[in-house]
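A lone chain, given as structure tokens: the form predicted alone.
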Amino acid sequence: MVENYNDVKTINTFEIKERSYFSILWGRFKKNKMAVISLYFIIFLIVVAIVGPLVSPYHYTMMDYTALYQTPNAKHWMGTDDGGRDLATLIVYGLRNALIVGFGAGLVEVFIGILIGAIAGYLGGQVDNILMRFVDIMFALPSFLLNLVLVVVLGRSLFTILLAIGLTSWAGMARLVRGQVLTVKQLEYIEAAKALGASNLTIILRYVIPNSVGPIAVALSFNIPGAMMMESGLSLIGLGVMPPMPSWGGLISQGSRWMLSYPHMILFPAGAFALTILAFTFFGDGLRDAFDPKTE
């Protein structure tokens, strides 16, 4: 219970300060109009990926041999493919799979990158040297080739693909986190926490990582479309999700064989893929501006 006016004033000041940080971030972010539009578009994509398969009158396995290669019409807004399947439905299911892979692989990258980067940066010394040499090795290896090997070994499923992409793409995140930790651990409040007897784990989890969230969030916003492109690349060479499960890379590969006779089969999936990648890229640019105090 608040005892007097001074307590009320203190509480209100604290709440204003808490809100002002996020309002400052939003103020910086919304200066980039393309980033704001991209944010709304990404939200729209997520809603479509969740709701679309539930309300669609078609399923990605539903074939109609009386409606092969149809161009866009009232029944099939984006036409049909070489199996008579509704192309709009395939694109929506492909969107859902792309987002699952993108966000899933991104979370794997963040987890491994934070784990290795934070330990290396905070402990330093020999531990830092060993872990960073391991990171250098991961950078030197071709990630796409590693993905091919892992997918062949683990099997072609949505989970194994996102896991393979995440396991081969965390090195950049680890370097980023290490750099942030090296900067943050020199600050006075870290020394104060040590003086009060806080353990290394407590300092890393409660003080170091939370103060490195900005760069991590920006890097994640760029890693998500990167993972989506990697998944599409695997599908283009026939190592994506198993058919008949649709994937944007698989749809583009299939449509490329009929692009002269039935251009709608490649234009719609390629257009959806390009717009999604651009949206995440512009959103990442806006997020980077939001966390950069020089933009004010």
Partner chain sequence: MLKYVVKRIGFIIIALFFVSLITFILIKSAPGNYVETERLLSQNVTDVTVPPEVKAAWEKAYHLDKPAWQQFLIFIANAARFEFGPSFQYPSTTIEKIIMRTFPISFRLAVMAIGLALIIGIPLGIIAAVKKDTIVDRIAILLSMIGTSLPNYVMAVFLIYVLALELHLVPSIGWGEPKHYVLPVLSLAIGPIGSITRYMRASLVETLNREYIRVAWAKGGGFREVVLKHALRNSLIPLITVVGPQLAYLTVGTVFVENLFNIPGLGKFYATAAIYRDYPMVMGTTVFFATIVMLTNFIVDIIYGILDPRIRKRSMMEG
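Numbering follows the first chain given and starts at 1. Because the structure is a prediction, the values reported are computed rather than measured.
One more form of this protein, predicted together with the partner chain, exists but is not displayed; see below.
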Taking the partner as it appears in the predicted bound form, which of 85-93, 105-113, 151-159, 118-126 has residues with heavy atoms within 4.5 Å of the partner chain? 151-159
Find the only residue in Leu239, Val48, Met63, Val36 having a heavy atom within 4.5 Å of the partner chain in the predicted bound form. Leu239
If you check Ala67, Met229, Met245, Ile42 against the partner chain in the predicted bound form, which one has a heavy atom within 4.5 Å? Met229
Is the gap between Ala74 and the partner chain in the predicted bound form 4.5 Å or less for some heavy atom pair? no
Even though the partner isn't displayed, in the predicted bound form is Ser56 close enough to the partner chain, meaning a heavy atom within 4.5 Å? no
Touches the partner chain in the predicted bound form: Leu182 (any heavy atom, 4.5 Å): no
Using a 4.5 Å heavy atom cut-off, state whether Leu99 contacts the partner chain in the predicted bound form. no
Heavy atom within 4.5 Å of the partner chain in the predicted bound form: which residues of 244-281 qualify? Ile252, Ser256, Met259, Leu260, Pro263, Ile266, Leu267, Ala270, Gly271, Phe273, Ala274, Ile277, Leu278, Thr281
